[in-house]
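Below sits a lone chain in structure tokens, taken as the form predicted on its own.
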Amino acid sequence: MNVENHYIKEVDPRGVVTITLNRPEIHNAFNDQIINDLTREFQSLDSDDSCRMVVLTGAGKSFCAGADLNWMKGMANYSDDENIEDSRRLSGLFETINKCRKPVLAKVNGAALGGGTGLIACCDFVMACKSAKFGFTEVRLGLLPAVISPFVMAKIGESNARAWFLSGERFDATVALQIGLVHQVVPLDDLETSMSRMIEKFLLAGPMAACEAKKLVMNVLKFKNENPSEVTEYTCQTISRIRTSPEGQEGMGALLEKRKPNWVES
């Protein structure tokens, strides 16, 4: 276990890395130090071949309450350039998590508000306890969910963004599931067990295939928006490359030979 003063990193023998935000006394709110350190952490995990996936969660009763308000209030003394640069660093954290090659799973153990919802919007799979609360509460502080908006809107769409960004109203896990912010809701007492089962399911995927599947989703969306005529060519070239790869051949061979592929524990 690697312990920082603001987050805990644990790695199990399967290559599952758990990062636990560790400021429970202020509901795991983040500041510039956490932003910088988590960005470097996810950049490192992205290129670490021993890492199969990342699980992001929070210590205590909350997942993440967003930005530390004491830190945010201090920005009144920043110059315009300093404020913009600070915002870019925050956006860089979300972008790094969003584009991390490895599957990133969020285990939402409690409230996820403001920037905390931005964190889960960047994750590939989100499991939340029934008692979790969510909200884009920035407008009630005279602020905006600006930096997180591209990542959140990719999950919940324009209509839901209008409803929840403008009101700042908090909502429960059932609503979060309905609007696509989370993928599964379980009782708090079952959160650990349910997430363990989900991790095992993700581990059934070939390590390379999981990374390539995430890349596929992002590239198809990019081509669809920028070069729709190139989507077919890209997807055909991708499957051609993957099915002749060592992992693709191993997976198909395992199926034909009625055995488990070499990335699955016997």
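All residue numbers refer to positions in the sequence shown, first residue = 1. All figures in this text were calculated on a predicted structure; none of them were measured in a lab.
Another form exists, predicted together with ligand COA; not displayed. Remarks below refer to it.
Every residue in the set 29, 70 and 114 has a non-hydrogen atom no more than 4.5 Å from ligand COA in the model of the complex. A residue is said to contact a partner when one of its heavy atoms sits within 4.5 Å of a partner heavy atom; residue 62 meets this definition for ligand COA in the model of the complex. Though the partner is left out of this view, residue 183 does not reach within 4.5 Å of ligand COA in the model of the complex, counting heavy atoms only. Although the partner is absent here, residue 138 sits close enough that one of its heavy atoms falls within 4.5 Å of ligand COA in the model of the complex. At least one heavy atom of residue 25 is located within 4.5 Å of ligand COA in the model of the complex. Checking 33-41, 54-62, 197-205, 236-244 against ligand COA in the model of the complex, the stretch whose residues place heavy atoms within 4.5 Å of it is 54-62.
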